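For reference, the chain that follows is the form predicted on its own, supplied as structure tokens.
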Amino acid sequence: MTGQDVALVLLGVVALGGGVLCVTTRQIVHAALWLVVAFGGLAGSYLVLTAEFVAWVQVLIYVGAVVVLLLFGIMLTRAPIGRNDGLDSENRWVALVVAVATAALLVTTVVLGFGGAHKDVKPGGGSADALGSSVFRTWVLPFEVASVLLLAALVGAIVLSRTDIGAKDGD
């Protein structure tokens, strides 16, 4: 194994650990912080794979914007921040079995489908020039659809957080 392989495996373990802790913690703010760890592990993996631009987009968009948006959503909806036993459905073991079965199915499918495949990584494949050219030539329509969807979600969050909308005089 090369140094890059070791770094990729370690970053994968960090991302996996952050993801597992994100979905198993009982405090939603801690879940958001563990999500930052998982996204950071993914960004590091992109750096190892010489996709520097994708790594910075991962940090700026997902770590910076999505987690902040999640925390703002928690604050705006006045969701309970601390431990709340009323939110636990006690289905952890069923969820664990389903998660392990799904993971086993996905790993088996990937190993059987791509087990012998090997691709040499060439520097520059994740550069801003190559990625920008691909996004704005080939993938412009899905890019714009995603931006409209995010805008609609933002407007919906604002409408849901406002208490004075729809209130009448005398209420």
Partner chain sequence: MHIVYPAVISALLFAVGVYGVLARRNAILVLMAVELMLNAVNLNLVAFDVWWRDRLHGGQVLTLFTIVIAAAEVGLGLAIILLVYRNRKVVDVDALRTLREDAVPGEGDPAAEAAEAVEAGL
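Since the model is a prediction, treat every value here as computed from it, not as a measurement. Residue numbers count along the first chain shown, from 1. The term rigid core refers to the maximal set of C-alpha atoms that superpose within 1.5 Å between the two forms.
Quick note: we don't show the form predicted together with its partner chain, though the next part is all about it.
Should P142 be counted as a contact of its partner chain in the model of the complex, where contact means heavy atoms within 4.5 Å?
Yes.
Using a 4.5 Å heavy atom cutoff, which residues in 63-77 contact its partner chain in the model of the complex? It's fine if the answer is none.
Heavy-atom contacts to its partner chain in the model of the complex: V66, L69, L70, G73, I74, L76, T77.
A157 C-alpha shift between this form and the one not shown of 2 Å or more, rigid core reference
Yes, the C-alpha moves 2 Å or more.
Take the rigid core as the frame of reference and indicate whether the C-alpha of T24 shifts by 2 Å or more between this form and the one not shown.
No; T24 is a residue whose C-alpha shifts by less than 2 Å between this form and the one not shown when the cores are overlaid.
For V148, does the CA position differ by 2 Å or more between this form and the one not shown when the superposition is done on the rigid core?
The answer is yes; the displacement is at least 2 Å.
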